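Here's a solo chain for you in structure tokens, the form predicted on its own.
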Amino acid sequence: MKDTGGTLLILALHFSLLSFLAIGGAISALPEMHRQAVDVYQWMTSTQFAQLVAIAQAAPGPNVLIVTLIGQQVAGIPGALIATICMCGPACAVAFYVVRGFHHFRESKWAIAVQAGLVPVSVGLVGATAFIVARSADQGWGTLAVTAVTFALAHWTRISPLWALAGASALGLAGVL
């Protein structure tokens, strides 16, 4: 679906709004990106979405790359540019002015309370993101097992999740997954 006008406008509106909800970074808005791209507009399948997330996470650079990839999938290069600019621009401009004002009140009780309140919000949004991506990627018992093992390694050991990625890649190349 690569039309110009209407789709670009939809991308611009959605990512402009999402930029204000991305507490903790663009990755925290991933569940809503998934809902819009897969469920509402049906621009891609859940599996395609999970593949874009994997590419964005594997590539060096900021997590906001997922926005660029979604925009590109939906409307080519113009979509990539619009989605990225609209995800980064509005919230950055507002954040700049809020931080300047917030700096003056950083020791006040309300400022400390706001900061403390945003931590669980960020953790919850990132947790929802992990759930959406895992649900989209787990297409069978094998991939579900890889997700479970990766979670266990990351949560209960100091072993890098990259080892689980390497193991899953080897299983995929061997045709097991």
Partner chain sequence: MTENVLATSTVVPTVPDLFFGFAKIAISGFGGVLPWARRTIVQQRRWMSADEFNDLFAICQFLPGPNIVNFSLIYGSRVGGVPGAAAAVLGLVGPPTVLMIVLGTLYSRYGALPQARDALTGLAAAAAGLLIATAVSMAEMLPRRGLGAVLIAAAALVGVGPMQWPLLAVLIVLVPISIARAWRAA
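Residue numbers count along the first chain shown, from 1. Model, not experiment: these values are computed from the prediction. For the two forms, the rigid core is made up of the largest set of C-alpha atoms that agree within 1.5 Å on superposition.
Below, we refer to the form predicted together with its partner chain, which is not included among the displayed structures.
- Within 4.5 Å of its partner chain in the model of the complex, a heavy atom is found for none of G5, A37 and A75.
- For A154, a non-hydrogen atom is located within 4.5 Å of its partner chain in the model of the complex, even though that partner is not displayed.
- Interface membership of I10, defined by any non-hydrogen atom within 4.5 Å of its partner chain in the model of the complex, is ruled out.
- In the model of the complex, its partner chain sits within 4.5 Å of a heavy atom belonging to F131.
- Contact residues in stretch 154 to 177 (any heavy atom within 4.5 Å of its partner chain, taken in the model of the complex) are A154, H155, P161, L162, A164, L165, A168, S169, G172, L173, L177.
- The Cα shift for A148 between this form and the one not shown, taken after rigid core superposition, is 2 angstroms or larger.
- Remark: with the core as the superposition reference, the CA shift of F20 between this form and the one not shown stays below 2 Å.
- For I10, the Cα coordinates differ by under 2 angstroms between this form and the one not shown after the core has been superposed.
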